[in-house]
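Only one chain is included here, represented as structure tokens and corresponding to the form predicted on its own.
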């Protein structure tokens, strides 16, 4: 039974170090699984460096998941993770709204000098059930999930295979739901986090809770390890999260600028000059709330749920524009996902970044110890 009477969790400070080390991971550091930006080269480099690399597979077809998992395995035998978006297998779209958005997107692309135009895809997104089967076949050390909860049967299959399950939560209520389902750990996504909000039991605007408020609340509420995510860019932030009870820190934006990341070069170049007041919640790229840079595209498009098809419909419609913008070096038309402290990104090779982060972390821990 969790003791909720006081504000502080009754836990020894170093307790959670044993959780990641039991997986064969040397450092309390996880590279966030940023779908579309975490190719096998980044994942394997991070894992080889002693942290936990993570493949963001939310956009991948099942065979692509298997292919990329094989590439990771060809480069390292260290543990790594795969992340999926928990979604229905089928989606129904409001075709009248789709037509209106296509017209608006086509007009924008014409105005901006891009020759590509929207089209209706054969499918709005890969089937989650088939992605899940591919994940099980790939057999990563860790499976993490966003946007919702797997079924009890799917959780049972992961447990049977010995795959560690990490759920993503943006509130204490969501964290408790993951704990009740049997997750091995919970990643709490603070409001500072870049990319898609993982909220599934609230409206996104109701779960924009700062990490350093959400983290100790969650640690007090559940009895499984809690991972901190959102705005952490250096070893000092990792140490601070650990003081508040984190088992490990998950960093995403910090790894986006690495040469191994597949983020578009123009997007990487913008990271170092992101002004924190221009990082905002955006719906107009994918139909789902996400944190990123307010750029030319964001300012040109509507940004309310009532005006936009939901995820993944809008995500599929904007895909041609995003690809064309990347090829043209037009970062101002890209979904430039980033966390609140993006300007602290360093652009180092992944292994060098892991080493630097851990050096900073150890110095911060020594400073805290007095």
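What you see is a predicted model, and the numbers here were worked out from it, not measured in a lab. Positions refer to the first chain, counted from 1.
We do not show the form predicted in complex with a small molecule, though everything after this point is about it.
Student: Would you confirm whether the three residues 124, 283 and 314 all fall within 4.5 Å of the small molecule in the predicted complex, going by non-hydrogen atoms?
Tutor: Spot residues vs the small molecule: no contact at all.
Student: At 4.5 Å between heavy atoms, only one of the stretches 98 to 106, 185 to 193, 218 to 226, 157 to 165 reaches the small molecule in the predicted complex; which one is it?
Tutor: Contact criterion met by 185 to 193 only.
Student: Among 331, 49, 34, 301, which has any heavy atom within 4.5 Å of the small molecule in the predicted complex?
Tutor: Only one listed residue qualifies here, and that residue is 34.
Student: Among 241, 143, 258, 251, which has any heavy atom within 4.5 Å of the small molecule in the predicted complex?
Tutor: Of the listed residues, the single hit is 251.
Student: Using a 4.5 Å heavy atom cut-off, state whether residue 85 contacts the small molecule in the predicted complex.
Tutor: Residue-level check for residue 85: yes, a contact with the small molecule.
Student: Closest heavy atom of residue 267 to the small molecule in the predicted complex, within 4.5 Å or not?
Tutor: So residue 267 counts as contacting the small molecule.
Student: Please determine whether residue 53 contacts the small molecule in the predicted complex, using a 4.5 Å cut-off between heavy atoms.
Tutor: Because no heavy atom of residue 53 falls inside 4.5 Å of the small molecule in the predicted complex, the answer is no.
Student: Give a yes/no on whether residue 237 approaches the small molecule to within 4.5 Å in the predicted complex, heavy atoms considered.
Tutor: Outside the cut-off, so no.
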